[in-house]
Structure formats: C-alpha cells, structure tokens
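As structure tokens, the next two blocks hold two forms of the same chain, structure 1 and structure 2.
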Structure 1
Amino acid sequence: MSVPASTGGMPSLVGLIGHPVAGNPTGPMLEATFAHHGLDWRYVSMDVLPERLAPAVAGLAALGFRGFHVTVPHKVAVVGHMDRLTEAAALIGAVNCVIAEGDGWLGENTDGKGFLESLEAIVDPKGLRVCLLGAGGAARAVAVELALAGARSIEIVNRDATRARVLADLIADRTTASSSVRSWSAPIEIGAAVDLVVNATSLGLNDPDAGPELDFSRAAGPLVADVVVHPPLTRLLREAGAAGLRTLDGQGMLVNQGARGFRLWTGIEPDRAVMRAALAMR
C-alpha cells in the first residue's frame, strides 16, 4: 500500500477525540514516529464533550482529517457516526480508530488486539479465568479479544449492571467463553480462581492516587493488568506489586494499538522501538 500524499503541500492530519485528553501520550508518540519515517503528518488532540460529538466528527471530515483515535467517553457513541464498521468493531460495538474511506468514515477497534498482543508476551490467554473491571468501550474490546483467544471465563464487574449484562451476553452468544456479572462493591474481592485481573475503566487516568479498590487477600497469584497509560505505574499496579503479584501496564497496549492505527492511516509498518522511546521520554 502506498503512503497517501499530503494535499496541496499541507500536512496530513490525524488526531484524538475524547474527554479528557490532557496528558494522553499518543500524540507525542505518533508525532515522533511520523518524523522518524519522514512523513509530513500531524497529530492533534481535541477535547470533545459528549454533547458535541456529532459536530466534532462532521468537522473532522470537513477539515480533511485522514483519521482519528477515539478515547473515553466516546468509543461506543461514535459507532453511530460511522459510515462503515470493520467486523471487529461491529462485534465489539465500540470504535477507537477511525480511517477516512472515500467520503466517509470506517470505524475499527484496535484496543483489544493491542491488549492481547501485550498480554501474549507474558502469558497464553487460552484457558484463563478473567476478572474484568468495566463494561465500556475498552472493556468490550478486551473481553471480546480475550474470549476469541480462548479465555475460559470472563467475570464482568461494573457499576451499571445492565451494561455489564449486555457484554456478558455478547461473550456467551458469540464466543466459547463463559461469562458472568458481579456488581461493583468496593473493595472488589479477587478470589483464588482468578488468573487475570484487567482494569478496563478510566479509574486512575491522569491521577496516580486514584484507581479501583481491590482486595487481593484471597488471590492465588493472578496477573494484574491496567489499560490506563498515564501514569504507566497506576495505583492499582503499585498495590498489586506490593502484594507480590505480576503486573502489566497499559503502555504495551498503547504501542500495539497505536502501531495498528499508524499502519491503517499511512500504509507503513512503524518502528515500534521509536514509539516506545517516545513514551519513555515522557
């Protein structure tokens, strides 16, 4: 695939929409990667309130953006503003990466694949018993990819029981994994049967003192993962480490899903070492 050329000598534009977006490291990471590959592309982070999502998406089309990332709280709502969805995005019901396609938008979801790639460097997902915190866009992506990769069971812990049940039913109906729902009641007890805990909420984002409150007293050595990327060492991961548990931060997921988006936008496989180095400089 050839690299799209800039129009009229102007840089090609991509970016991020969400609320909040302050502190998100994707922009500096991708800007460094564009420069490394000699691409005249720019990445713009844009704070978009939920009630302004529709005009924001239309505005990006009017401005000629080549694509954009989507973060909380828009990953599910933005689906309704896409002209077409990939198979993965349609199954997950959430979009985190949008690609300009003709006169419309193609919605993709790279979150789950990015997480899975990061996880597989540590453990085989087959047969895992998972406790998943959250039922939003990131949680849906992670749950579906884990289930398709062979996880045995996924327990969804969420404050909104209806939303959790929708995700649990999706897992049960479309994959071979079993699913269950537990109400969010702090502290969330992690039992001995859990192999993997994933915080797929935004708790802890941009706040090193915030995070889900978990009780590991009955745990039997699960791997604890957090999708939050800033700060990389969240309160949850610090507490899990203090309890002697293995941890997985969100930066590997960020690099992996960012690399997929980079390739979808530009047609080039990015140098992931450059991406990781840019994150390390933050």
Structure 2
Amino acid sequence: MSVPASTGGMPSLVGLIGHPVAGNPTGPMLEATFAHHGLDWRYVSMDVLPERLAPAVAGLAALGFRGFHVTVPHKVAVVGHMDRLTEAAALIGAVNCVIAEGDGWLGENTDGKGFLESLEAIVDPKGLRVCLLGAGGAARAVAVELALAGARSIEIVNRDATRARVLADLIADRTTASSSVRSWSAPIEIGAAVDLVVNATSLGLNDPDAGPELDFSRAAGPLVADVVVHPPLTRLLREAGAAGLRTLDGQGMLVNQGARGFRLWTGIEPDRAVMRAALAMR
C-alpha cells in the first residue's frame, strides 16, 4: 500500500484508532506537545469498529496520515495490515504505533519500551526476577522488552492459563530469559525471590478501589509497578507503598511511549515536561 509523504502545505495528520477511544489521554497530550514545538500537526482520535479495521487503515493511507496509534481491540489484528514490522513488534505479535514510510506502513510496539524506560530510571533490568500479572497486549509487550533487556526470569500469573502459557513459551523460545506460569489466585503471594512485580492486567483501571490482591508478607523488597494509567495511584501501589515498597506508576510508561511515537513521526525529541503537564490537566 502506498503512503503519500507530502501534505502539500496542509497540517500533518496522525491519530489513534481503537474502540472505544473516548477519554483516551494520548490525543490531548500530543496536541499540546505539537503546539509547544510549533508544529502544524493534528492528532485525531477515531472510533473504529473491529469489522471496519481494513477500510479504516486503507483510508488513513489515502488521507496521507503520517502514522497512527492503535489501541484495544486492534493491536493484534492491525499486524496483518502492515507492510513491515520492527523486530519487537514481530516478537510481541502486536502493534501500537504505525509509521508511514515511503512505500507503506511500518508497525512498531512502543508499550514495552515505554515501560522499560521508566523502569530504567529506577533500576537496571539486567538480572531481574520478575513476577508479571497479566498475559494480554500490555503484558506481552512488557515481558518481551524486559526479557530483551536482560531480565533473568519472568513468572506469568494470569487468569486465563492458556494465554499465560503462550506468553511463557514465547519468552523461553525467543529470548534468553527463563519463564514459568502460576495460576491466578487471591491473594497472589510474592516470595523472596522476586525483584520486580508488574501489574499488566486492566485490574484497577478507572477504579481506585480495584486491583490484584497481593500478599507481600514473604517478599524481600521488590519494586512494584502498575501499568494502569488512571488513576495514577492505584490500590496496588497504595498497598505496596504502605508495605514500605518502592513503586512505579503507569503514567511514565504512557508519556514515554507517546514520546517515542512523536519522535518516530516528526523526527523531533518532544519536551516530556509538556507531555506530563498536559496529562496532569485531565
């Protein structure tokens, strides 16, 4: 599929496809950042039903979009509409950021890299023993990037055991990290041999009282991270903080993955303070 590079003096267009997309914070965050950098770019959030994905992607090419973000439920299905994939996107099996190249769409996955970047500000991922909650799109991205960054082992705890096993096999077969599966229970006990706990389920999203139930009584000081963006201080992070553990919220991941998309599309490194301020205003 041919993607036009020139916009002939018109604003450059990027955006988001998903269902639903109402309330997604990336549009306001990136619009504020385009304005800050004096770029004549627009970010359009578009609600696309699953059965309309193919014509929507073709339509974005016809309209000269420079790229687009992809969110639930299209991250896996959109792979079939890409002309090329980055190594990480191919491994993860999902795309959340698409870039128009001269002769087609390049599919990338910036979710895991965004997480890794915020993690690396606190701890070196090399050698970490990870307990990962979830096996959906975000969990796959986080697991693959952690493994590629040198994590020693990844234990996957997920409600759907088959999904957990598929992800564990991917990690064991395609990376140097070891992997294992634990069935979902309440509470999930975190043992002394865990350095990093990551909630990559949607438990806690838009509900400050919801979250996975963890037992830290045998833990030996792991860092506890949550990918949930809203609210930033999830129940899990409140409980981990009360237990004296270090925590990492999902907002850094969101800003980092948004910054990566911005840079891939425009070639400019965005001011992340502007992005964070735009998020805080929501």
Ligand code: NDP
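For clarity, every value in this text was computed on a predicted model and none was experimentally measured. Numbering runs along the sequence of structure 1, starting at 1. What we label the rigid core is the largest C-alpha set whose atoms superpose within 1.5 Å from one form to the other.
Between the two chain copies, the one drawn from the form predicted in complex with the ligand is structure 2. Between the two rigid parts, the smaller one rotates 17° against the larger between structure 1 and structure 2, as C-alpha superposition shows. On rigid-core superposition between structure 1 and structure 2, the C-alpha of Leu60 is found to move 5.9 angstrom.
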